[in-house]
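Just the one chain here, the form predicted alone, laid out as structure tokens.
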Amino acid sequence: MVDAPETARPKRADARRNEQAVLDAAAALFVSGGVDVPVRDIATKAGVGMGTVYRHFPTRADLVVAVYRHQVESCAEAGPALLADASSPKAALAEWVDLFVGFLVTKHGLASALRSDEGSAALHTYFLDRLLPVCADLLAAAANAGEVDPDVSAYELMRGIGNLCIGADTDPRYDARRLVRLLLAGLAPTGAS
């Protein structure tokens, strides 16, 4: 008799809550202290023991990748919700860009934490596959409303924002969010005042 393959059991509700708490705590601490923040600090902020952190994320690379994926998903899911709730498509775009900038700040140090070119390339592909369509939808809605230049592509905008965020974590005099706001102001359609 052949044994049936084992299927993974779904996580208990408390385990899912703990995992979520660890991801949220790690993301917040990565912003202020980088990806090398001590695991004990993450556990304390999450309100769990260090064993819980390691049970969900056996290595720092596992935790960093999970935070990265969690933030990509949060950013991707936020786009349609913002578009439905904002006062205008351009306002939704601006709010989404602010979330995107926050995400970019937390991903500094990702490559060194992973130490794997293959892993980094796969994550970058995942990032583009999930976020480019969301940005494109927001841009299209704003362009259809006459609020932004229709010739701007999602890739150009995301690449420009990414470039403006470089160095924001190492120079306290540099305000990437301010420069990104200027970039967004420059998206106005030609001839708009």
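Computed from a predicted structure; not experimentally measured. Residue numbers here begin at 1 and follow the sequence given.
The next section is about a form of this same protein that is not shown, the form predicted in complex with the DNA.
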Notebook entry, point to check: Looking in the predicted bound form, is the DNA within 4.5 angstroms of a heavy atom from every one of 15, 18 and 38?
Noted result: yes
Notebook entry, point to check: Which one, 34, 162, 49, 146, lies within 4.5 Å of the DNA in the predicted bound form by heavy atoms?
Noted result: 49
Item checked: Partner-contacting position among 55, 124, 130, 69 - heavy atom within 4.5 Å of the DNA in the predicted bound form -> 55
Next item on the list: Pick the stretch from 24-32, 151-159, 135-143, 38-46 whose residues have a heavy atom within 4.5 Å of the DNA in the predicted bound form.
Entry: 38-46
Next item on the list: Mark residue 181 yes when one of its heavy atoms lies within 4.5 Å of a heavy atom of the DNA in the predicted bound form, and no otherwise.
Entry: no
Next item on the list: May I ask you to check whether residue 177 falls inside a 4.5 Å heavy atom distance of the DNA in the predicted bound form?
Entry: no
Checklist line | Closer or farther in the predicted bound form: C-alpha pair residue 177, residue 41 (3 angstroms or more) | finding: farther
Notebook entry, point to check: Closer or farther: how do the Cα atoms of residue 62 and residue 130 compare in the predicted bound form relative to this form, given a change of at least 3 Å?
Noted result: closer
